[in-house]
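Before any questions on binding or motion, here is one chain by itself as structure tokens, the form predicted alone.
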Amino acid sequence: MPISLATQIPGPRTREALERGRFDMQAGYRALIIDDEASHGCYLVDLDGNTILDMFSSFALGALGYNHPRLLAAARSEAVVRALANPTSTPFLTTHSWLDFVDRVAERWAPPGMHKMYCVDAGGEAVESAIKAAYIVHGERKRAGAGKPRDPLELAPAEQQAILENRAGSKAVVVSFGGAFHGRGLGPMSATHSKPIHKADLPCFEWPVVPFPASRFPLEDNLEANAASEAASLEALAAVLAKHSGNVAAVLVEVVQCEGGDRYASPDFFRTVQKMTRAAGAALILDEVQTGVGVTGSLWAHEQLALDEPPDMVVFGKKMQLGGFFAGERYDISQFGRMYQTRNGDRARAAIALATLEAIEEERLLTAVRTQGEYFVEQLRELAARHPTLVSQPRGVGFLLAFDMPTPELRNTFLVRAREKGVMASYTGTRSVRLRPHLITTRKEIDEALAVFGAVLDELV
């Protein structure tokens, strides 16, 4: 199913359809209207019959391409039909299908060292929940250290009333990193520092921010500069932890800063961050909303960091088709009512998540992503060598790939022209092209994308 263009993009039927749905506040973002019955594998088909190679996967939401037979079978199953027809408040009422999902994840796919899983609907909500868990544990420990009951329901009536009247909130902080993106809820947004538009006019917690190293590529040519930037970041983190000593609930960090521009740091950096966080008595929360579920060639990207011990919490979303976090034993919030939402676990989404994880395993997609990802990034380096004034910093692990262009305007022009030639890619950071192939992408499709990228760059010279 190669690229096939019947009209300009967008074509007349697509342009007409783009005028519909204006009641949707998000309509202004829309680039294409797709035929989700005709779309297949790594190719989407628009309303004009154009077949477009998808190197976007809806901001890494997609894992197995379009109309994967295993996902279609799961979606048509009686378990999903009943889940949609009979919604439950899963913590109180559930079915065997939810228990099967939880048990299978615990047995096969949870990151090593994780003790419990907490599920919500999406990644940003999952980050919010992990922050909440970190604050709960921090508050319970602090009360115990002050000789007060851990359980807030055992506090004196006046103290409980102060909580209800917002007069006794935690003064603890969450430490995050410059360039981070953790979601659009008010808690995650307070730890988000990628674009001003995300936060303008909105209230945020005054939490400390530490510079992120943002490795320069190729790594072998930038050893000294990258070591210096990591040392500066760690020095800044040490200063923040000292300033807020005893009052840090969590250090929150992405394994790769995706929305911030596909920015990396070394495994040594993350191992040191973990040691410093543990010494500060805080939770280390790894945000794997975009890096999780196979896109880096391991099921969880932090597996490649060789941490000295498991992180305290690992947040997931996107490719899991639901959100949540895995927690180490110290962050198992067990008190009744402490961590609860009406739908802590969508059974229909869980069925699709389970089918996705099974397909990744049975089709050996992690190996394929590692192999094809190495080839892709090497070809991006060759593209940069041919167009050194246009392409710089080619980088990636697995199918988490990016390169930079000289200006935001030139980057945006590149993306529009690539789409007009039949390849859908996306933006990240200020001037980076973000590539997020589906996990099933083959070398043939990679070469097809590269040919289009090369043609567009030739036009831009």
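Keep in mind it's a predicted model, so treat the numbers as computed, not measured. From 1 onward, residues are counted along the sequence shown.
The discussion below concerns the form predicted in complex with a small molecule, not included here.
Undergrad: Does Ile131 reach the small molecule in the predicted complex, with heavy atoms at most 4.5 Å apart?
TA: Heavy-atom contact with the small molecule at 4.5 Å: absent for Ile131.
Undergrad: If we define contact as a non-hydrogen atom of the residue within 4.5 angstroms of the partner, is Ile285 a contact of the small molecule in the predicted complex?
TA: Answer no; every heavy atom of Ile285 is more than 4.5 Å from the small molecule in the predicted complex.
Undergrad: I'd like to check something about Val295: if you look in the predicted complex, is any of its heavy atoms closer than or equal to 4.5 Å to a heavy atom of the small molecule?
TA: Contact check for Val295: no, nothing within 4.5 Å of the small molecule in the predicted complex.
Undergrad: Just checking whether Ser176 would be counted as a contact of the small molecule in the predicted complex - the rule being heavy atoms within 4.5 angstroms.
TA: Result no; Ser176 lies far from the small molecule in the predicted complex.
Undergrad: Identify, from the list His302, Lys318, Arg263, Arg347, the residue with a heavy atom within 4.5 Å of the small molecule in the predicted complex.
TA: Exactly one listed residue reaches within 4.5 Å, namely Lys318.
Undergrad: Of Leu71, Ala368, Ala122, Ala110, which one comes within 4.5 Å of the small molecule in the predicted complex, counting heavy atoms only?
TA: Spelling it out, the residue with a heavy atom inside the cut-off is Ala122.
Undergrad: Using a 4.5 Å heavy atom cut-off, which stretch among 162 to 170, 254 to 262, 217 to 225, 132 to 140 contacts the small molecule in the predicted complex?
TA: Only one stretch passes the 4.5 Å heavy-atom test: 254 to 262.
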